[in-house]
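Listed next as structure tokens is one chain, alone, in the form predicted alone.
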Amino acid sequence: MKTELTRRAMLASTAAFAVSATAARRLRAQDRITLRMSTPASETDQRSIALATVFAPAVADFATYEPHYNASLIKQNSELEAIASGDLEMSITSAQELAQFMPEFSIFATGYVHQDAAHQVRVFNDPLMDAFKQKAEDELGVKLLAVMYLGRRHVNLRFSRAERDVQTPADLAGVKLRMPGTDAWQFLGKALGADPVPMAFTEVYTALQTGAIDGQDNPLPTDKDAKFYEVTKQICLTSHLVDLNYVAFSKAVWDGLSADQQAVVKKAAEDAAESGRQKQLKLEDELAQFFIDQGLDVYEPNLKAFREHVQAQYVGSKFAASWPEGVLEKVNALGA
């Protein structure tokens, strides 16, 4: 804990220095800047495409967008530190990554906090996010410009719906559900009502085929790419995790822009996020039909029952200890 606090303090100090140094030499309006984007995503990832085709042209009058894919510039999970130290201008970051420095961000990586893509946007733009955004600026020198929708995770089972019709968490009792191996993922599996099984992703197909596990959870594109539809019979659209990234921008660079340039950068990030969001939603709709065509049952359970049950498991747990009081209720109200 002491090491982590020291790390956060050093980052805050570094970020503050970078911001003040940049403010002291504010960019003149005619100066052209280079915005290096470091991302672990590939060039064909929907997030990468959205930023390259929407964000880059929008800021072209005063900035050159320079993407670096596959973590080729900055090692994955080191991007926030690079921004804080002044060595990077942009990245995409997850709530999980931000929570490493500011634990309260973990609420946005929790089951059933975000209800869908539109809810994510409402939450991000609501005043409840102001304190989170400000802390990212103050402690990391990172300005969060927009929220990007990555997709929903669902439960995928080898049972047919006739054998196991999942409507509430009680219907997952005794189901051996593969979940990633961390404590947080295993907790989510239990909160869903299942018996979570930690297992490497590479072993999942064979485990489903042999019956070593009864199901797994992933977004629909992953289910297709991994061909899980060959060894399963249903997808229950639980939407238990609506995943996201934030467009992260250097606060030092931001402070060096004119007000007009800042407005352009923010709108460009929002427009890029919206472009990627709509494409991802369309893809999910197409994939649902693809799985139906493959003979799988694809259906939506009682999401209210799942949401209430899962959130009740988190309240009072160690995973919710860092959440600011009242924020969960405010988030839920925005989804009503």
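Whichever C-alpha set is largest while still superposing within 1.5 Å between the two forms counts as the rigid core. When you see a residue number, it is the position in the sequence shown, counting from 1. Remember, it's a predicted structure, so these values are computed and weren't measured experimentally.
Heads up, the form predicted in complex with a small molecule isn't pictured, but that's what we're talking about next.
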{"item": "One stretch from 42 to 50, 295 to 303, 268 to 276, 58 to 66 that, in the model of the complex, holds residues within 4.5 Å of the small molecule by heavy atom", "value": "42 to 50"}
{"item": "Contact residue in the model of the complex, chosen from Thr110, Thr232, Thr238, Asn218 - any heavy atom within 4.5 Å of the small molecule", "value": "Asn218"}
{"item": "In the model of the complex, the one of Arg158, Lys143, His154, Arg178 near the small molecule [non-hydrogen atom within 4.5 angstroms]", "value": "Arg178"}
{"item": "Ala252, heavy atom within 4.5 angstroms of the small molecule in the model of the complex", "value": "no"}
{"item": "Exercise: Tyr205 in contact with the small molecule in the model of the complex, heavy atom 4.5 Å", "value": "no"}
{"item": "Interface membership of Glu97, the small molecule in the model of the complex, 4.5 Å heavy atom rule", "value": "yes"}
{"item": "4.5 Å heavy atom contact, Gln76 and the small molecule in the model of the complex", "value": "yes"}
{"item": "Threshold 2 Å Cα movement between the shown form and the other one for Val253, core superposed", "value": "no"}
{"item": "Cα displacement of Asp126 between the shown form and the other one reaching 2 Å, rigid core superposed", "value": "no"}
{"item": "Threshold 2 Å Cα movement between the shown form and the other one at Leu244, rigid core reference", "value": "no"}
